[in-house]
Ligand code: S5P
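Presented below, as structure tokens, is a lone chain in the form predicted alone.
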């Protein structure tokens, strides 16, 4: 099914918005802004905003994070029509993640459209996040698989993620996975570790191409260093956008 037709299959406001953005902008590109300076992230968002559907952040590595930075990022997301995905990877008991998500230094629920979580703690991690995020229309991705060599997100771990996604499908919008993990088209699969040139790094990251990711059933390709580390990030974003969209058209 194409992105437009899948809008009506979910009740989650963030999932609907993401499908709408992908269909309208003709992009399935997410960029991982794994940068430590807030100004660098803002500059990156300014030059690639028109080519992406999602900007992925790691807020706890930004050394000069401030309310002004968050406000600027939200304004850019509205101006360029992309969603913000805070890659927090929550992995604690329900009460703790509820506080981490809604309180603390970052108040992530107030500005991040999408978050993600490991299922190691059990369904309580979903329930804790859901208690904060559902009323604001936010969406949760469960980590079904990872792109690093030797990771343990396999087997029963992955199967548990699939079961709980269905159980909490008003809040869980899909998965982080290297391939489509479930046939239900209301769930969105985002694939990390996408790179056109490299095959991996010294810290056991493993890369796949945009075409490999989409052929495996992914909906959104997540590109990091291939764009923010490029000499011309704007040109790189356009290249990945085109590669991802062409692969999608061939599959649909």
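Residue numbers count along the first chain shown, from 1. Predicted model only: the values in this text are computed from it and were never measured.
Below: the form predicted together with 6-sulfanyluridine-5'-phosphate (S5P), not depicted.
*Asks:* Tell me whether 58, 87 and 224, taken together, all sit within 4.5 Å of 6-sulfanyluridine-5'-phosphate (S5P) in the predicted complex, counting heavy atoms only.
*Replies:* Every residue of the candidate spot has a heavy atom within 4.5 Å of 6-sulfanyluridine-5'-phosphate (S5P) in the predicted complex.
*Asks:* Find the only residue in 158, 147, 100, 169 having a heavy atom within 4.5 Å of 6-sulfanyluridine-5'-phosphate (S5P) in the predicted complex.
*Replies:* Only one listed residue qualifies here, and that residue is 147.
*Asks:* Counting non-hydrogen atoms within 4.5 angstroms of 6-sulfanyluridine-5'-phosphate (S5P) in the predicted complex, say which of 34, 40, 184, 68 makes the cut.
*Replies:* If I apply the 4.5 Å criterion carefully, the residue I get is 34.
*Asks:* Quick check on residue 214: any heavy atom within 4.5 Å of 6-sulfanyluridine-5'-phosphate (S5P) in the predicted complex?
*Replies:* So residue 214 does not count as contacting 6-sulfanyluridine-5'-phosphate (S5P).
*Asks:* Should residue 176 be counted as a contact of 6-sulfanyluridine-5'-phosphate (S5P) in the predicted complex, where contact means heavy atoms within 4.5 Å?
*Replies:* Yes, residue 176 is a contact residue.
*Asks:* Is there a heavy atom of residue 210 lying 4.5 Å or less from a heavy atom of 6-sulfanyluridine-5'-phosphate (S5P) in the predicted complex?
*Replies:* No, residue 210 stays farther than 4.5 Å from 6-sulfanyluridine-5'-phosphate (S5P) in the predicted complex.
*Asks:* Please determine whether residue 220 contacts 6-sulfanyluridine-5'-phosphate (S5P) in the predicted complex, using a 4.5 Å cut-off between heavy atoms.
*Replies:* Residue 220: no, not in contact with 6-sulfanyluridine-5'-phosphate (S5P) in the predicted complex.
*Asks:* Tell me which of 105-113, 87-95, 127-135, 159-167 has residues with heavy atoms within 4.5 angstroms of 6-sulfanyluridine-5'-phosphate (S5P) in the predicted complex?
*Replies:* In short, 87-95.
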